[in-house]
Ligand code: GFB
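Given as structure tokens, the chain that follows is alone and in the form predicted on its own.
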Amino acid sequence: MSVRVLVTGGTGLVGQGIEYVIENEPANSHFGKRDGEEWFFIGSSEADLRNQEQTRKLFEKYKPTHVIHLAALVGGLFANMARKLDFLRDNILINDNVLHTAHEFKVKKVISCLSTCVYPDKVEYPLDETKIHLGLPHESNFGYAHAKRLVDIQNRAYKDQFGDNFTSAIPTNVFGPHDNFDMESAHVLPALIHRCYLSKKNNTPFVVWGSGKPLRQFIYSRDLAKLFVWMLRNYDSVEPLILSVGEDEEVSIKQAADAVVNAVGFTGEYRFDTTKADGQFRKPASNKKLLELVKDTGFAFTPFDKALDETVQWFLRNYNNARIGKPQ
């Protein structure tokens, strides 16, 4: 029986990571493409998933047996705060259309991508899979967070009422090739990479906002991609699964900035602007459940410095075609 995998949001950071892994890992391995598999990576230009009819036509075209659902309306802090209803409503529409159409087409498995922002603002750390619904998410992104939480509720309802095999993954801070490097909306690592590149190009100081002390768990998009492929083939629980490096692999913003400076080859003035806010000091997530499940697969996380260097080299090679926003 052929396996037809549809990846929504397939042209973004994680989707491109999955495509890279599928094509570059050894065929028929734990993470490489297997005989009888066909993979389809689609972006928003092919279908507006907020539209039920367009979603249905997409499924009719590709006839997927499996879906990795990455598509979402995403944005930085300011966009999330300014457009809470857009982030709530658009993501509810996207997720409901994908899940219900997958149910109607009798798709064997759907894995949806959530985010650690679904967790309560006030919660005991480390985060784990049992704590998603224990309180309200942070006010700044409550539209996006509530829409993503609903995916977990929907997965459980489809399983309970129809026996559908729908589940979800919760990555921590993802980075890698094909990231969003637009400094207006980028997350911390791609923003640091782009800013450092411009400092080198323009011979200006590289200034990092904040003290550099906060800690984050960064996961390389190509490592995350392997874990999505593994989940697709092996994970059949409705319970969400955190996909992250361990708490012992937290990296400070200063360590990240130092690594960016080395990878970019920047030798100019480099300092921290401590008048700028740091944000949350740390929000560690436990990957104990994940490590127990993948212990026999040979999976290993790429060392942070190596993954960052690969990301920087990709950015430098593809600067003119990368998502960089307005020319600087």
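C-alpha atoms forming the largest set that superposes within 1.5 Å between two forms make up the rigid core. In this text, all values refer to a predicted model and were calculated from it rather than measured experimentally. The first residue of the shown sequence is 1; numbering continues from there.
Absent from the display: the form predicted in complex with the named molecule. The rest refers to it.
For residue 232, no non-hydrogen atom is located within 4.5 Å of the named molecule in the predicted complex, even though that partner is not displayed. Looking at residue 103, you'd find every heavy atom of it more than 4.5 angstroms from the named molecule in the predicted complex. For the chain shown alone, residue 158 is not a contact residue for the named molecule in the predicted complex, no non-hydrogen atom being within 4.5 angstroms. The named molecule in the predicted complex comes within 4.5 Å of a heavy atom belonging to residue 278. Among 251, 92, 117, 245, the residue placing a heavy atom within 4.5 Å of the named molecule in the predicted complex is 117. This chain appears without its partner; in the predicted complex, the one residue of 154, 80, 167, 97 with a heavy atom within 4.5 Å of the named molecule is 80.
Note that among 68-76, 196-204, 233-241, 126-134, the stretch whose heavy atoms approach the named molecule to within 4.5 Å in the predicted complex is 68-76. The candidate spot formed by 173, 188 and 192 is fully in contact with the named molecule in the predicted complex: every one of the three has a heavy atom within 4.5 Å.
The partner is not shown here, but in the predicted complex the stretch 126-142 reaches within 4.5 angstroms of the named molecule through a heavy atom at 141 alone. After superposition on the rigid core, the Cα atom of residue 300 is displaced by less than 2 Å between this form and the one not shown.
For residue 278, the Cα coordinates differ by 2 angstroms or more between this form and the one not shown after the core has been superposed. Once both forms are fitted on their rigid core, the CA atom of residue 255 lies 2 Å or more apart between this form and the one not shown.
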